[in-house]
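Next up, structure tokens for two forms of one chain, structure 1 and then structure 2.
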Structure 1
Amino acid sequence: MMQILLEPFTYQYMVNAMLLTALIGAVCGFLSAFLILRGWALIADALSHATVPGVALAYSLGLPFALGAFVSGALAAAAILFIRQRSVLKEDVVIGITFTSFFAAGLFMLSVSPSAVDIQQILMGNVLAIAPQDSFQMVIISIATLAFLLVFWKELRLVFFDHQHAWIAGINPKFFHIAFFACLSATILAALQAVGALLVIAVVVIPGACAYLCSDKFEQIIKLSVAIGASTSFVGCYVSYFIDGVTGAIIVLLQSSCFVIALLFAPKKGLLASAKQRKKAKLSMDIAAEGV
């Protein structure tokens, strides 16, 4: 039995895939905490879908997959900022229009030139078949993003949660917002190759949502989010070896299970805890009414 359970670790491609997905999951978890607390989940969704036309164009022109995805994501982010600053439309409307337009453009390009790229690989990803150069690129992106988040931890926390204080302290919020979204775009690009465009939004949203339900302290939310992202990614890749399922889908299902557990059993914000609090409040009101 133990020999069967350890079998995935005897294959180098599986070991590489598990370690790579765990690293990407940890970075996505770190970014997820910021996105959830600022209500920016839709922006991550927009960037993930906006990479599709860039990938399709890059493949058709014989350019690197990463280059097309990054340029396309950057154009989508610039379009969102441009329209938001120069129109009366709300942010969610602008994001919805932008990411659906980019995604539709990508699907159109793929339908016109279907042989240029494997659409299933874009939409669903395949971490088990990633080329060595792509693996190296994913590691570099992950390490660079983690380094940025850790080195500028204090500045980012101040910019995200006390905009005015950041200006007073001599910190340029616009610079850190741009840098953060650049890291987010690069990380989505890395995660895209592991879980695909359809599921990448989940790995940069669910870990932070789980952690937010379980804690009120931002430092603790960061730690929990990173732990959930890394562990579910590692286990999901491991499990995919035995059941021959889509790795990205298994990872997201594990994270969704964590969310359901947190939603039900979180000590303060879970549904059961909320029901107990409401019951106590009602009992207190009834006692007070009887006393009157």
Structure 2
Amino acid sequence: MMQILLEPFTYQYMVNAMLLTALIGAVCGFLSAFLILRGWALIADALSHATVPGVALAYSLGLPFALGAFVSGALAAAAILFIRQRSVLKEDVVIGITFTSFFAAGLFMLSVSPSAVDIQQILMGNVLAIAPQDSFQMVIISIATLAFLLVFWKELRLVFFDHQHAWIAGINPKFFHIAFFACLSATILAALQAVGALLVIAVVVIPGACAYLCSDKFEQIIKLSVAIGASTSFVGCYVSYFIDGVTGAIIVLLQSSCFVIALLFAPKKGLLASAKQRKKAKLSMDIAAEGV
């Protein structure tokens, strides 16, 4: 039994894949602690879907995968900004239109092009099929983002919380907004190959959401969401060895289970805790009413 459980660790490619996904999961967790605070989840989703046509084109032209994803992601972001500024439409409408259009273009290109590119691989990701130079790229992106966040998390927190005070304290909000989005896009690119374009949004939102439910302290939220991101990714990759399932789906399912647990049982903001609080408040009101 033990031997079977340890089997994945005997293959170097499995160990590499597990460590790589754990690293990316940790970085995504770190980013998610910030992302959920500003209502930017939809933008991140848009970015991830909008990379698909670029990836398709890059694959069929034999260009680096990241280059294609980056170009089409940037194009989508520019399109969203442009339409948002020049039209009366609300932001969610503009985002919805833009990312579905890009995504449709990507699907169309993948289905028409005769190349050997696998639609499934782009949409669902495949950790085991990552080429060595791609995984090197992913490690670089992850470490650079991690370093940036570790050094500047206090500045980012201030910029996200109160950008005017940040400005007064000599911290340029514009610079940190741009830097954060650059890190986010790069990390989404890296995570794309592990969990796929469809699910990448989950790994940059769910860990932060769980941690936010569980704590009021920012340091704790960061630690918790990094831990959730890293552990679910590691375990998800490990489990996928046995059941031969899609790694991304398993990781996201693990994360959503964490979320359900947090939603129900979180100490202060969980559903049970707030139900208890409501009951208590009602009880004291009843007692007060009886007293009268």
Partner chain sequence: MNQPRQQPQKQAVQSAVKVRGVSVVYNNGHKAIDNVSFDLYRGTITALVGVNGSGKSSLFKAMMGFVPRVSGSVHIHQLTVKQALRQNMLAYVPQSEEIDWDFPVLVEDVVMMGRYGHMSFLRRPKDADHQAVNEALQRVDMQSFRHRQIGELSGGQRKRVFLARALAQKSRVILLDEPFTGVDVGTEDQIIALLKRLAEDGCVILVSTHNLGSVPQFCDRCVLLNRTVLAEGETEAVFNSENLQKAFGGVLRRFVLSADTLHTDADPRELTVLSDDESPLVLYGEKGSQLLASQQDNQR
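The shown structure was predicted, so the numbers you read here are calculated from the model rather than taken from an experiment. Rigid core (definition): largest C-alpha set, two forms, superposition within 1.5 Å. Counting starts at 1 with the first residue of structure 1 and goes up one by one along its sequence.
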property	result
Displayed copy of the chain that is the form predicted together with the partner chain	2
Shift of residue 80 between structure 1 and structure 2 at or above 2 Å (CA, core fit)	yes
Residue 95 C-alpha shift between structure 1 and structure 2 of 2 Å or more, rigid core reference	yes
